[in-house]
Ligand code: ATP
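Just one chain is shown here, as structure tokens, and it is the form predicted on its own.
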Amino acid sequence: MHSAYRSSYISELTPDMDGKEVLLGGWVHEVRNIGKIVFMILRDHTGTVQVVGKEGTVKAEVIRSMDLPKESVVCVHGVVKQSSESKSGIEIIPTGIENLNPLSAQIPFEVTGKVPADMDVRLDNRHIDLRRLDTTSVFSIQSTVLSSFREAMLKSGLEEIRTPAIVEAATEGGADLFRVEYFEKAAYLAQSPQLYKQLAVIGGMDRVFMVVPVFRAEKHNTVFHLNEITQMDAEIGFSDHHDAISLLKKTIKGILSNVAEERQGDLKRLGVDMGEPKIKEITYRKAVSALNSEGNEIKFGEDLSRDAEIKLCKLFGDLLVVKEYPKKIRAFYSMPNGSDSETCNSFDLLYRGLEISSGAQRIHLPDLLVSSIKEHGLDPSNFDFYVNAFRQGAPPHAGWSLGLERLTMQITGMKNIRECCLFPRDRVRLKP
């Protein structure tokens, strides 16, 4: 990646480049001055390399210019030299070092990781935290997740759409909404793109996908929840839940395979073993039976707890689709199961013990939709805007959403979802 301040990224340097002149841009990770030799560790977002200034080999003024504070942003002009003492097999002999912006404020914590920093301090100074290679690896992996999702959708014949973040009323019912002033009206931040992606399918686009922020005004204080999250959504027309599950399985396999292939260095840095993505499917009834046979006490109609999800993945594997949940614990728009009156055509995808995706075949018949709204204790008049959309020729359709931050969390092994959101929003955090 050539630019005015860089001829190569650090990860692109190899022993075969011995004797080649390079221009590197990055930050001073560490400096060791042991008299006649100064060692500078230079870091960019791809890795680190050792810059060696030795008396008699490097000009005295260049050696003096190496003695910089940590996190100084610099350009290093130098020559690649093979080195058996370096892990990468190379080091840089500097011919010039330019301090691009001398530090005028204190760095709030140790970027090298030698001194642990509190998460709140790191998040308050996220621009510094991103200089930690572990943090960079998380978001490099997340970038591959996003590009792989889009690749899978396009290969499956879906078209990308954009849906609004500001809505007039709740799209999924409930009161956990962020209210905003919209000129002379009250409006809300969208808690789901559900209605809009269905409208696109009903309108004839047939197969659509989107990557959208959604907002939930739930007062959580857990390591699994945020109040602004990113959803990767798909909706497909003339389909049932089996079709949607098939698309989801194909998509998640593609994402995990691409991450394993393209992000080997980042995964190694984080100590992650991806394994082979194998997916199993079981019904909710089978899940409850399996859990109870292991000594748990779960009654039909109860939602699966976090502990239950962890146990199911231990029993059936890291990737598990649980389908056909009881109607009463799923969204009102989930199509009833034609062969089991107590369940509906809904499903979740569990990955390493955590739900990362949820979906269903939607009710496309308006009278059945009204009945389901009433069964869930809701007032149909509050959903006229939704029900009326199905009165003009809506085909059977199904879809799902995949949580970007949760999927990133499970891939990378992070213990807190805030680690997997560039600038997280929770009950107390509104900046940076």
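The numbering used is simple: start at 1 and walk along the sequence shown. All figures in this text were calculated on a predicted structure; none of them were measured in a lab.
FYI, the form predicted together with the ligand isn't displayed, but the following is about it.
Contact residue in the model of the complex, chosen from V167, I236, I252, L226 - any heavy atom within 4.5 Å of the ligand: Comparing distances to the ligand in the model of the complex, the residue within 4.5 Å is L226.
Proximity to the ligand in the model of the complex, single hit among A287, I356, L256, V76 (heavy atom within 4.5 Å): The option sitting close enough to the partner is I356.
4.5 Å heavy atom contact with the ligand in the model of the complex for all of R216, Q231 and G403: Contact check passed for all of R216, Q231 and G403.
Taking heavy atoms and a 4.5 Å cut-off, does I411 contact the ligand in the model of the complex? Answer no; every heavy atom of I411 is more than 4.5 Å from the ligand in the model of the complex.
Taking heavy atoms and a 4.5 Å cut-off, does L24 contact the ligand in the model of the complex? No.
So in the model of the complex, is the ligand close enough to C421 to count as touching (4.5 Å, heavy atoms)? Heavy-atom contact with the ligand at 4.5 Å: absent for C421.
Report whether the minimum heavy atom distance between I417 and the ligand in the model of the complex is within 4.5 Å. Looking in the model of the complex, residue contacts with the ligand include I417, since a heavy atom lies within 4.5 Å.
Can you tell me which of 218-226, 137-145, 155-163, 106-114 lies within 4.5 Å of the ligand in the model of the complex, counting heavy atoms only? Among the listed stretches, the partner-contacting one is 218-226.
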